[in-house]
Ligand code: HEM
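Take a look at this one chain, the form predicted alone, written out in structure tokens.
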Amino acid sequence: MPTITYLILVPMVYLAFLVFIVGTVIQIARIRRAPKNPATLQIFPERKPKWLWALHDSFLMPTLRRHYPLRWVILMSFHIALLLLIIGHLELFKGFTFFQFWEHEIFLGKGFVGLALSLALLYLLFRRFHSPARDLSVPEDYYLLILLFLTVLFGAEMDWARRWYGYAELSPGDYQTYMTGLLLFRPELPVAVYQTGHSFMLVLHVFFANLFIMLFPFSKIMHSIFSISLNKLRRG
């Protein structure tokens, strides 16, 4: 078991990011080599500055808000919760103080951010079992949502165990030691990883996150990287 734990928490993490970087570069190069489409992609009224309106369309999703308000609320909740979790993970790197201009506990949200993200992912997953989303879905769509849901679920469970049930054998300090060691290529697993009963949640969280990261460049979700540029084209 210690060997499997180490393989998932260290070598597999480096492999996942290597695959992600190489896959992303390949996809970008493939897009740049694709023949230019002379037809305009403009479907929205042209407004300037175009980049500002592209940001507006990408992050506020006004068309979705007008036609599907419930889905818009859930997707906005999803993106806000995801942003807060990204901030929390960045703060697990020692010396990263960008968001420390106000005093707060890592992670933000007292466990409810992970809960909101889990519920949003469940909605997005089960929505694909009903038409018309089901008719447009491919197996990849389900795999990605399931992987992301499991990643979030086991990560949130670590936070819930610590905040809601007082099970704090693995602390943010331990996570900081682990994450900072990975970043500096001096991986170090805290002793608590091998001694606490709920370290399996960390292992599963990282395992599913690794799988998601490796699949990301080769999936339809890759469009998120180009969403701002695409919305700029839609503005003419």
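Residue positions are given as counts along the sequence shown, with the first one as 1. Given the structure is predicted, the values throughout are model-derived calculations rather than measurements.
Below, we refer to the form predicted together with the ligand, which is not included among the displayed structures.
- Heavy atoms within 4.5 Å of the ligand in the predicted complex belong, among the stretches 67-75, 155-163, 136-144, 122-130, to residues of 155-163.
- Taking the partner from the other structure, the ligand in the predicted complex has a heavy atom within 4.5 Å of a heavy atom of L182.
- Of the heavy atoms in H89, some are within 4.5 Å of the ligand in the predicted complex.
- Among residues of the shown chain, F20 is not one whose heavy atoms approach the ligand to within 4.5 Å in the predicted complex.
- By the criterion of a heavy atom within 4.5 Å, I213 is counted among the residues contacting the ligand in the predicted complex.
- Taken together, Y6, A168 and L189 are entirely out of contact with the ligand in the predicted complex: none brings a heavy atom within 4.5 Å.
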